[in-house]
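Have a look below at one chain only, the form predicted on its own, in structure tokens format.
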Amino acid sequence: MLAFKVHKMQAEAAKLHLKKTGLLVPHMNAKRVGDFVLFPVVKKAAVPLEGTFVKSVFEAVPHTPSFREALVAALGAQEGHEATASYDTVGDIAIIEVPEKLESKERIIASALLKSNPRLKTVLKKESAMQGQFRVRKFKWLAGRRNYVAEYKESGCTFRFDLRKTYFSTRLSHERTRIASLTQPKEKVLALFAGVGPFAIVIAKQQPSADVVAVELNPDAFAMMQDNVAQNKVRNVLALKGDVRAVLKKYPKWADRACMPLPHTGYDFLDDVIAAMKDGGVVHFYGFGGEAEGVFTLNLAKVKSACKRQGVACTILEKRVVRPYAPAVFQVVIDFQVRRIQS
């Protein structure tokens, strides 16, 4: 096969040029020979680099189809494009949604996903919305290993949890990193509605002198949090099982920082959280906002109203959209500082 031979110092530039001009043969590996790199090319042509055309033998790169390509191959063009090609991953588990009209072919769709992404080992289908007191979801196994226990890595931490028994969002990873970066040495931190411990553990890992109290009511999630605390060897996390309102009564004016990642009903606990904050403490409050009323308007009103009821001054430090949640609805976070008014 024809090849373009170039010194290794110019290899990257050569690769970019050959791809841009259509000279590079796709799905073939380049090869290294001493101080030179050989690229498979379709023909001789002028190349603005110091190199030569030679003959060589190359290895083909196996082509892994995209999920959409695999869907089209398995279902045909029409249904292959009707099927949803997006999915969530938690570790090596994929979670998909299947259109109602294609439910009879859901296992074919799941097999196509495994074919397109060899890293995945299990495909689950969402069988329900979040439901119940602990907002858990039902799943149906479709393909791969019959497994519901995910192992997920983030910010140097590992989390293991059963998807059927607790809520976990990989889409909040940036928020966990952001808040951990804001946490100062020796701060006292409340990680509320803690689930399996992602906020608490990421904060504790990145700020080992912080004192983190993590509170969770779901007994299954609490047990998983205890395991995750031990697995990540964070000795500065105190995991407590119980209702946030009851636990916070034991921590008046204690916290320098509090995380409230419960956007559906977290506002019900704002008064209790504010009462647990030190003068100058910072609260990270999560909620939902719609485009119609302004994504921050209602959440800012809830924060300011709770601060007024508690007789504290409120300074808004930051407000930001965390992620889209539904059409014209967004999850947002309000960072606010509590200042106790001197009488």
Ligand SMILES: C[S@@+](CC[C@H](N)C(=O)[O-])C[C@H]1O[C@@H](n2cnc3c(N)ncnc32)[C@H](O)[C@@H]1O
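Residue positions are given as counts along the sequence shown, with the first one as 1. Just so it is clear, the structure is predicted and the values come from calculations on it, not from any experiment.
Although not depicted, the form predicted in complex with this ligand is the subject of the following passage.
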> Would residue 95 show up as a contact with this ligand in the model of the complex if we use heavy atoms at 4.5 Å?
Replying inline: no
>> Considering non-hydrogen atoms and a 4.5 Å limit, does this ligand approach residue 218 in the model of the complex?
In response: yes
> Taking heavy atoms and a 4.5 Å cut-off, does residue 224 contact this ligand in the model of the complex?
Replying inline: no
> Does residue 134 make contact with this ligand in the model of the complex, using a 4.5 Å heavy atom cut-off?
Replying inline: yes
>> Counting any non-hydrogen atom inside 4.5 Å, which residue from 113, 270, 142, 244 sits next to this ligand in the model of the complex?
In response: 244
>> Within 4.5 Å, heavy atoms only, which of 167, 254, 87, 152 is in contact with this ligand in the model of the complex?
In response: 167
> Can you say which of 180-188, 231-239, 126-134, 79-87 gets within 4.5 Å of this ligand in the model of the complex, counting heavy atoms only?
Replying inline: 126-134
> Considering only 243-268, what residues come within 4.5 Å of this ligand in the model of the complex, judged by heavy atoms?
Replying inline: 243, 244, 261, 262, 263
